Ligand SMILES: N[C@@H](CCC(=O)N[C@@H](CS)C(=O)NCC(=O)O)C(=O)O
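To begin, one chain is listed below as structure tokens, in the form predicted on its own.
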Amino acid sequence: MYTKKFILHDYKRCPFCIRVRIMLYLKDIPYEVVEEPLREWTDWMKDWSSKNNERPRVPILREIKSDDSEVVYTESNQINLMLDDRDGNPVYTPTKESPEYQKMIDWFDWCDNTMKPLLDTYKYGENGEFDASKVQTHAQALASELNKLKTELVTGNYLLGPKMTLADIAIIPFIRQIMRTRGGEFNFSQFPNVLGWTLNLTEAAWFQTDAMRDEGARDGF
């Protein structure tokens, strides 16, 4: 049974969605887009959320099969693993038995469960209540975690070796958020290689395509 089409439920400014759009573009996979206005979800999203007892979220990638059945994928890193491997020729995923594969999984976890919460606090404040007097404290907490990237990038242009992997793709949209929050006030002078790594990816020709655009971007998106 072959894939009839992919449908991406997307929100342009969402870094998790950007992850998936990067992989769809790099793997040259055609797809349709359904824009999801946050908190004004499409009927499909409301129906899916209700039937599955899950909160509405993006990205969601739907794979429509030739018999019109469908498979729904909901986690951006898992979506990218599937997309990279679907043609039997993974380009951005290390061999599963390799140490690099586990390192990639560790970077996924670090980004989503450690760095992302600190980034949200830096952007929006504790519990979403912004307090300008605490910005420096929150910036320092974020900087302490970015030291992990700084250390890893000392010897190369990418996180896991000489070429880009899903680890880089998973993290780069969030570092760009930091760079764009409140006009770029975060001090990257102590992280020159992290800044260089970010610009190397975000200024690449493929990142400048329409698929990566996030119109209306501001305050970290």
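Sequential numbering from 1, following the sequence displayed. All of these numbers come straight from a predicted model, not from anything done at the bench.
Just so you know, the form predicted in complex with this ligand exists too; it's not on screen, but the next bit is about it.
In the model of the complex, residue 55 approaches this ligand with a heavy atom inside 4.5 Å.
By the criterion of a heavy atom within 4.5 Å, residue 48 is excluded from the residues contacting this ligand in the model of the complex. In the model of the complex, this ligand lies farther than 4.5 Å from every heavy atom of residue 80. Taking the partner from the other structure, this ligand in the model of the complex has no heavy atom within 4.5 Å of any heavy atom of residue 84.
Of the stretches 71 to 79, 129 to 137, 144 to 152, 85 to 93, only 71 to 79 has residues with a heavy atom within 4.5 Å of this ligand in the model of the complex. Of the listed positions (191, 41, 31, 186), a single one reaches within 4.5 angstroms of this ligand by any non-hydrogen atom in the model of the complex, namely 41. The partner is not shown here, but in the model of the complex the stretch 1 to 36 reaches within 4.5 angstroms of this ligand through a heavy atom at 14, 15, 16, 19.
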